[in-house]
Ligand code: IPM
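The data below hold one chain only, encoded as structure tokens and taken in the form predicted alone.
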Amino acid sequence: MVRVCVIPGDGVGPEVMGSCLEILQVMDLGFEFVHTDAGLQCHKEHGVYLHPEALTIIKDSAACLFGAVTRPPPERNYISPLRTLRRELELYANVRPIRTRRKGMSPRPLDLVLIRENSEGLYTQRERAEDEDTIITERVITRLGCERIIKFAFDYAISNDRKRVSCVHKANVLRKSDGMFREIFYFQAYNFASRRYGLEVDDYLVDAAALNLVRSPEKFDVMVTLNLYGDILGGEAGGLIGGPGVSPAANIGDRYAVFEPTHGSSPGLAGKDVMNPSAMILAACMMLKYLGKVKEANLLSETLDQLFERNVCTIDIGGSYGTKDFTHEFLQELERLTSSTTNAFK
């Protein structure tokens, strides 16, 4: 029995997670789902934004599915549960596949993967007041952080039969920090990835990368970048394929992994049966591949593609289905595809 930690969270998190689990539970995967809490509701019940047992449960699990959490009004003591997980579990790689899954959802077809350093940069949140009118924010870039995310990107490209890896930076301005990132990228490329595996490599300033995502996305295959740039480019690329409702992400380290949709908790939509569960389902696809269940992951992905081809989708991407009806249609299509695959091998 493979143990999977489940954190539904707040707002629409429990709805999209419920849809996802309903689908996974009919697939006979041999999973044991263990639930724990995070977010605003967790704080109301336990006084913390991440349940005290959550880290232990994740460490005892093969992977974690994370829904969405609601950030409270501005207050000094808020600690993001997802950032806590990234820090405590050393989930240094954020992986966002960017793929157009339905005609008309993007001006140009996209099929690329954005790999973002997930533990350093400005997101270390080292801020201090110089005086009452000036705030100083420190940006932390380490050689270790650069080396391991770049190696991760090359390993990912090789394992997934990708052909090109592009380094995204701002080394023309941030010459020491981004300069080190670019230097390490080309060192690893020429001493490992390019020479041994024939990968093509190039690099872009982050503003040029943002422009080309819109104008010439076919230039990109795997992109590797630092934390803030990856966060912004990921949002841009997600918008180009239909928005956060179809955009999953993975937070991966050497020992643990957490998979999530990229949308927020949207508390105003909670309970209205309108949220798109596709990103949560696609996050589960990523988890299945991580756990070695590639055939099952591909089956879920194909099911989603078939539904989108018939315009069976939720309101946010031009359809008319609510969360529950979409889930029902997904289960019906999954059963049909499973039956046809089974019959083909008889």
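Fair warning: this is a prediction, and the values are worked out from it, not measured in the lab. Position 1 is the first residue in the sequence shown; the rest follow in order.
Note that the form predicted in complex with the ligand isn't included here; everything after this is about it.
Novice: By the heavy atom within 4.5 Å rule, which residue out of Tyr256, Tyr204, Tyr123, Tyr156 makes contact with the ligand in the predicted bound form?
Specialist: Looking at the other structure, the residue within range turns out to be Tyr123.
Novice: Which pick from Thr142, Asn160, Ser80, Asn212 sits with a heavy atom within 4.5 Å of the ligand in the predicted bound form?
Specialist: For this set of options, the contacting one is Ser80.
Novice: In the predicted bound form, which of the stretches 80-88, 195-203, 97-105, 268-276 has residues with heavy atoms within 4.5 Å of the ligand?
Specialist: Checking each option against the 4.5 Å cut-off leaves 80-88.
Novice: When the contact criterion is heavy atoms within 4.5 Å, does Glu260 count as touching the ligand in the predicted bound form?
Specialist: Yes.
Novice: Determine the residues of 1-26 with a heavy atom within 4.5 Å of the ligand in the predicted bound form and present them in sequence order; the list may be empty.
Specialist: Counting only heavy atoms within 4.5 Å of the ligand in the predicted bound form, no residue of 1-26 makes contact.
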